[in-house]
Structure formats: C-alpha cells, structure tokens
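Shown below, as structure tokens, is a lone chain in the form predicted on its own; questions about how it binds or moves come after it.
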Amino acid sequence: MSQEISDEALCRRVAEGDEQAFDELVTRYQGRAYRIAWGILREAEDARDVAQDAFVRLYEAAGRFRGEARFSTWFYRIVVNLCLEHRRRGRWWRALVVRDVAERDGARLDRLPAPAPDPLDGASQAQLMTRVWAAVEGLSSRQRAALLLSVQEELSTSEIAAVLDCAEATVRVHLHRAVMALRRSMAETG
C-alpha cells in the first residue's frame, strides 16, 4: 500500500473486502486508537481491548462511511463511543469491587509517562505528569475525551464535535470545564 492513498479511499476499499487496505488503516491508526482509549479509560488492558474492538467495528461498518467527515473523525468517534460504552458497562461493579493492591498503593506503571532522557529532569517531569493524569482522571468521560482529542490528536472544535456527536458549543464547554478543573486540581496539589 502506498502512503499516498487517502484514509477515505482505504476505507472504501475495506468496504469492498480489501484486506490490505484494512491492514494499512490498522497500521496508521492503531497507536492513535490505543492512545485515545487509554486516555479515556486509564487502564492499559481495557484500552487495548477497546482499540481492538474499534478496528472490528471499522471493518464491519466501512460500508457505512459516507465521507461527510474525514475518516479520522469518523474512526475517532467509533473509539470514543466504545470507550464511553465500556465505562458505562463497568460502572456497576467498580463501586462494589476494591481496586487491586498495586493500584491502592499508587504503583500504576501503566499510567506513568515514558521516562525522559535526563534522569534529573525526568523525576520532576514524571511527578508532574502523575499529578496531571490524576487530575485528568477526575474529569467526566466527555470532558476527558474532548481534552484528549484536542491536546493529543490536535483535532479542531468542529472535528471533536463530530467525534462526540454534539454541538461545537458543547465541545467548548467541555474543554473549558476540563481546563478549569485541571487548574483547580493542580493548584490544590501544587
């Protein structure tokens, strides 16, 4: 597959049963899908499962891609919807089950950022990132999704609105509330 082929064209080929086109889309988007899922779910195993499910959904729904939005927007919407669905499904038992000992003790290896090249800078950066991710966990699912799509995936407000299936004004409200909550949280723990 040539890199010049657009994602939209690849999706049309997937709808026609082209396995190579599907493999190319997986190659292009697997890292992004995992990053978005992990950012919303904050659990590595759950994020891997949701990202994988998103590609299954992509394969099944490729024929329904109408091209009204960019492929990435359409696919991110699949990922975010699966994450939100996963969180809703899991909510009932999480209140009943105590998290494992490692999580209670704060040993959240899957949640730490990648180590920085300079160990001295890395320690303070890791502490800051741990605080930031802890604050992000306190956001609602919609706020977290809007924030991650904006910051990590650098989507515009209109693209985020398409992914979250809401108005652009709603996206701006989610982003504003997320930023304000993060500022408050960081000030409190700072």
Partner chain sequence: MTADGPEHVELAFVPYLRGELPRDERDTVETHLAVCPPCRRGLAETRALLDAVRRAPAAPALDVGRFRAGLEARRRRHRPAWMRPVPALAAAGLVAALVLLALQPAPRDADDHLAAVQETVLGARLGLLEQYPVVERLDLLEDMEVIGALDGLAATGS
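Because the structure is predicted, anything quoted here is derived from the model rather than measured. Positions refer to the first chain, counted from 1.
Keep in mind that the form predicted in complex with its partner chain is not shown, yet the notes after this line are about it.
Taken together, the three residues Trp133, Val136 and Leu182 all lie with some non-hydrogen atom within 4.5 angstroms of its partner chain in the predicted bound form. Among residues of the shown chain, Ala9 is not one whose heavy atoms approach its partner chain to within 4.5 Å in the predicted bound form. Under a 4.5 angstroms non-hydrogen atom cutoff, its partner chain in the predicted bound form lacks Arg70 among its neighbouring residues. Using a 4.5 angstroms limit between non-hydrogen atoms, Ile40 is distant from its partner chain in the predicted bound form. Using a 4.5 angstroms threshold between heavy atoms, Glu19 counts as touching its partner chain in the predicted bound form. Taking its partner chain as it sits in the predicted bound form, the stretch 48 to 79 comes within 4.5 angstroms of it through a non-hydrogen atom at Arg48, Asp49, Ala51, Gln52, Asp53, Phe55, Val56, Arg57, Tyr59, Glu60, Ala61, Arg64, Arg77.
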